[in-house]
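The chain below stands alone and is given as structure tokens, in the form predicted alone.
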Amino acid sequence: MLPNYPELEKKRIIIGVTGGISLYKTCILLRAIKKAGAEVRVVMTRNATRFVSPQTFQTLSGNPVYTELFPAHFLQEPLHIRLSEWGEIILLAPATANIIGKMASGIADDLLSTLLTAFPGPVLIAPAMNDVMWHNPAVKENIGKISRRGTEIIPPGKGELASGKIGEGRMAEVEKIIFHLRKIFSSQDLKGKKVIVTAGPTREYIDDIRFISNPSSGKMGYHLSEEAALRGAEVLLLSGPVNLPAPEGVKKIEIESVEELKENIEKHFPACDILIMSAAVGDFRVKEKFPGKLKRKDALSLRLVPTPDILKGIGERKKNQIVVGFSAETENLRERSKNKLKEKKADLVIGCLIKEKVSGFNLEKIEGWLIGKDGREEKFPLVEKRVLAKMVIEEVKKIGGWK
């Protein structure tokens, strides 16, 4: 199942396709963009049609595919002008050394290169070529030229190339390209801000094998970190053990215990502008961890002691920084969230209702309350966590007075 990308809905995107074996990824990319509700027009070079037929892209896009600067049928308005006025962005994937060289030199000798010369909007390119070509001084110089002119480049990855060798030059993966595309259509209202997001559960070990934890999936924190990155923030994600890949554009540090989380927050908090504590931090640990593996017994008593209250400690020493806490409760959610806001000296607390199979841990949706230090209290209905992430970031913007 393809994820939803609301930033791309109803956007008019031109995908420029040049000749390279990584064209198979472009088919997957196009399908995901269409799934998000975007309108797509595809322009192919003659060499691109040797790898994949225009009919393939026509079927995937639902629109005619353009290959010739002067098509057989008469057009009153030149095709490259018509396309340049229609599109909001051009995405080149794959972008060969040849098209990059044409862009750098202003050459316009076919439909795609002429369109690029006539297009006034943003251009995003995903280069793909042999590693020797990618490191060629002329290619590097051309990349520098078009980058300085405003073209955004998604660097190729390292891996197995068409030649079978391992090297740098593989077209970026589809998810990475889509992230950069979504970012272009996202408001960059957090650009220049440094954000720390905590996510997932913590673990406190009883012995070398067993531990005390909770069922947090980390989804809320991962959506928050992705949303902040899309808006231009520099994001550090402190994540407990979860089965989720780090969002694009986000630096991730894996933690396990409350003490590890505390150490990382204390290290990075002084330089951040926003801290969002969405991790499900354990409240207790065993007083003394048992060495090795405990053997089965008729009964076993564990002495538990509180873990450090990270949010309270941070709230007491913040300086012109925004601190957001989360409160997971099964009852009295509003009152307990209000108390947490006051006790922890936070700027905003998100009260999350834990209701089996409906709202909370390890689920896609959640309901609860937004409680602000300015006295604002707003109940939100059952929503997807991705939607709540957008709501939280909007609230943070209001607190910071950022447009």
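Residue numbers run from 1 along the displayed sequence. None of the values given here were measured: they were computed from a predicted structure.
A second form of this protein, the form predicted together with a small molecule, is not displayed here; the remarks below concern that form.
Participant: Going by heavy atom distances of 4.5 angstroms or less, which of Leu237, Met220, Leu91, Ala128 would be at the interface with the small molecule in the predicted bound form?
Facilitator: Looking at Leu237, Met220, Leu91, Ala128 one by one, just Ala128 meets the 4.5 Å heavy-atom criterion.
Participant: Taking 4.5 Å between heavy atoms as the contact cutoff, choose which of Asn339, Ser359, Thr56, Thr45 touches the small molecule in the predicted bound form.
Facilitator: Of the candidates Asn339, Ser359, Thr56, Thr45, Thr45 is the one lying within 4.5 Å of the small molecule in the predicted bound form.
Participant: Could you tell me which stretch in 98 to 106, 251 to 259, 174 to 182, 282 to 290 has residues with non-hydrogen atoms within 4.5 Å of the small molecule in the predicted bound form?
Facilitator: Heavy atoms within 4.5 Å of the small molecule in the predicted bound form occur in 98 to 106.
Participant: Would Ile153 count as a contact of the small molecule in the predicted bound form, using a 4.5 angstroms cut-off between non-hydrogen atoms?
Facilitator: The answer is no: Ile153 has no heavy atom within 4.5 Å of the small molecule.
Participant: Taking the small molecule as it sits in the predicted bound form, is Gly16 near enough to touch it, meaning that at least one heavy atom pair lies within 4.5 angstroms?
Facilitator: Result no; Gly16 lies far from the small molecule in the predicted bound form.
Participant: Answer yes if any heavy atom of Val387 is within 4.5 Å of a heavy atom of the small molecule in the predicted bound form; otherwise answer no.
Facilitator: Val387: no contact with the small molecule in the predicted bound form.
Participant: Does Val132 reach the small molecule in the predicted bound form, with heavy atoms at most 4.5 Å apart?
Facilitator: Output for Val132 is no: heavy atoms all beyond 4.5 Å of the small molecule.
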